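In structure tokens, the next block holds one chain alone, the form predicted alone.
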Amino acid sequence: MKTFDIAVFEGDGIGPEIMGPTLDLLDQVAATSGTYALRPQIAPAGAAHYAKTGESLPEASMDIARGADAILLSAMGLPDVRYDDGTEISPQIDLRKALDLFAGVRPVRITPGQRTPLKLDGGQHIDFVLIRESTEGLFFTQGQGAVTECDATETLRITRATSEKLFRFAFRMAEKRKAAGHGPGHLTCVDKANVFRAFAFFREIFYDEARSFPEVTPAHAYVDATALWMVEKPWVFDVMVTENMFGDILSDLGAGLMGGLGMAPSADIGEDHAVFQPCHGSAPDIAGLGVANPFAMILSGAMMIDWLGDRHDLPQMVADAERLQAAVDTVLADGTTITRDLGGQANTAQAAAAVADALGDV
């Protein structure tokens, strides 16, 4: 049996409340499989930890992350705890940069019965993936921008080395989805190449990489048009790839299509490490009430075991990820045990228990 060490960052606010049931579900899935095990290692970090110790991401926690097979991270940050310069405590961004997690993966899926602001007639199939470069772009000078009394400057940086890795990852994602029957094998580069030379450079690299992936159809679109089409006709997308800030904004739009951030899982993946976390924040206004939606955290856990299974050639783990996702889909379709942000009345424990029960039927 293969045992994987998982670095667990419990997070702030509602973070620990949604991490606990997620770990329980992952244990349930692994125990049923009998072919692998997950060994969690708690790594202290976050805004609350900073308030107590003056450290937001201790070196000991970084060591745990570096040595782990995967990293599972819950919501982090508190609005009233900030660095001296006024910026947010965000260890998740520090991890991305320290571990070179250049590919931010944000799936957007709408399943039958799922709450959405879109008016769908039932014939459209919405299942696409947004891949966001996560280490440079407009976030390059985060916390280090030049500010004077009269002006402020931030630097947008796009490098060939990172862009090539990003595009290869995105093309492989489109290939994988096509092989699994989840998409037609299309990849769209989202940019603003008509205005910025940096994005013309970005697009040029995209098409250079496309030559190595003849099974994938490449295309490009401007970011403003993409935002429009994500609302008007999101079913036309398969995989999209974009710069850091554009991806940050579009991924929240994608979460809105799914009914809110409580349904939005994510991953930040590099060549040697990967972090899996929900897209939403720590929601301190409901922390301790036991009413937080655990689905984004659970789905992030499913993404983690899918990545581990693919990376280590363990098909059972990939199948278990699909089972866990299908169990969440079943609970959503039933609609009787969903949290209040999705229009239901269930609390965190009840929603997670419903997923556990559904696992036996998928």
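A residue's number is simply how far along the shown sequence it sits, counting from 1. Because the structure is a prediction, the values reported are computed rather than measured.
Not pictured, yet referred to below: the form predicted in complex with a small molecule.
Among the candidates G137, P284, G183, P218, the residue which, in the predicted complex, approaches the small molecule to within 4.5 Å (heavy atoms): Contact check passes for P284.
Of L166, V239, M76, V105, the one that lies within 4.5 Å of the small molecule in the predicted complex (heavy atoms): When the small molecule is considered in the predicted complex, the option within 4.5 Å is M76.
Test of understanding: in the predicted complex, would H280 fall inside 4.5 Å of the small molecule by heavy atoms? Close contact exists here: in the predicted complex, H280 approaches the small molecule to within 4.5 Å, heavy atoms only.
Counting only non-hydrogen atoms and a 4.5 angstroms cut-off, does I14 reach the small molecule in the predicted complex? Flag for I14 set to yes.
Although the partner isn't part of this model, could you tell me whether A292 comes within 4.5 Å of the small molecule in the predicted complex, counting any heavy atom of the residue? Residue-level check for A292: yes, a contact with the small molecule.
Partner contact for G262 in the predicted complex: the small molecule, 4.5 angstroms, heavy atom: Yes, contact at 4.5 Å.
Partner-proximal stretch of 284-292, 158-166, 116-124, 142-150 relative to the small molecule in the predicted complex, 4.5 angstroms, heavy atom: Among the listed stretches, the partner-contacting one is 284-292.
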